[in-house]
Ligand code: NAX
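First, one chain by itself: the form predicted alone, in structure tokens.
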Amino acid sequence: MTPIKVVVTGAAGQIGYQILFRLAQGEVFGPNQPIILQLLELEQAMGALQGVVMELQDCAFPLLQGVVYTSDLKTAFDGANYAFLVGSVPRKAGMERSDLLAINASIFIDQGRALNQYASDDVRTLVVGNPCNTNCMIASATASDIPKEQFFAMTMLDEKRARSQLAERLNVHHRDIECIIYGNHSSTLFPDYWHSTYKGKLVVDLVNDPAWLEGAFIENVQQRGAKIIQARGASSAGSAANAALDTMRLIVNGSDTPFSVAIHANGQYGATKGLFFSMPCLSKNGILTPIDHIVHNAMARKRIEITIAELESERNIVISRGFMNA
């Protein structure tokens, strides 16, 4: 079987590091699919990346047919079939959100160009680096020859957080919970508890506590990342890597159960065309089909409007800084 080429950017970082070994084991693309990992890092991180490559070699994974590690975009994206865009600049103390967007815009413009010029025509790209929705929009806009439907931004981590919160409340296993995330991967995201289910039964009926669902539950999901930073002194890494792998696995292998992922919006749920907006999707043969007929009540619509407004604000900042056309 012909090996596939998989790009991971920010490969020496905490999230990238945890992604690599599970990719090499065959978790995403299957136990019979050979893989070549193409790892991108900043020049100053090449020493650390070399150590990661040594570890991959020492694992002697049967499916791992080769490892390319580089700071050169052409080398990293050459012939890529799949890409995990993980590397981005994190927000630091005193940094305005507009500054963060501008810094990361440059990164994702360059990576979008590299995808456009060097990757396979059918490349599937998952953006993990934050702010992932807007970074995905920038990369896809720059990669003008690649269909927008082949770009995705990760909100699976938020979905898993929501499912685990509901499962804990109900004292059940999270595998039987369904909950979809709408909007931006940020503190404005909306976990749609109103349509969430446990074994087909509505969570709102089982919890029977509207104040908790509308208040503490939503806040816990929205603020979970910040709380993890406070607790461990670093941002989510293992859980983010796990969500990224699960998202790509569903994209590649298909899913007849709706899952949360941000895709190129075309007006669904009021999302402005061109934004990358999280909504329920099904997957088949690498093609995602949004479920766009869910009817929301006034509360949910208000929540969705708030997260759309934030995405529009981010887009306007990027446009005003000259990184993308209106």
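Note that this is a predicted model, so its numbers are computed, not measured. Residue numbers here begin at 1 and follow the sequence given.
The protein also exists as the form predicted in complex with this ligand; that form is not presented, and the subsequent description refers to it.
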task: Considering only heavy atoms, tell me if Ser235 and this ligand come within 4.5 Å of each other in the model of the complex.
output: yes
Contact flag, Met54 vs this ligand in the model of the complex, heavy atom cut 4.5 Å: no
field: Non-hydrogen atom contact Leu40 with this ligand in the model of the complex at 4.5 angstroms
entry: yes
message: Using a 4.5 angstroms cut-off on non-hydrogen atoms, would Thr134 count as touching this ligand in the model of the complex?
response: no
- request: Select, from the options 139-147, 105-113, 193-201, 248-256, the stretch whose residues sit within 4.5 angstroms of this ligand in the model of the complex by heavy atom distance.
  value: 105-113
message: For the three residues Leu166, Thr188 and Gln222, which mark the spot I'm curious about, does each lie within 4.5 Å of this ligand in the model of the complex through at least one heavy atom?
response: no
statement: Partner-free chain; cross-checking this ligand in the model of the complex, the single residue of Ile180, Ala240, Ile177, Val123 with a heavy atom within 4.5 Å is Ala240
- prompt: Using a 4.5 Å cut-off on heavy atoms, which residues of 59-80 contact this ligand in the model of the complex?
  reply: none
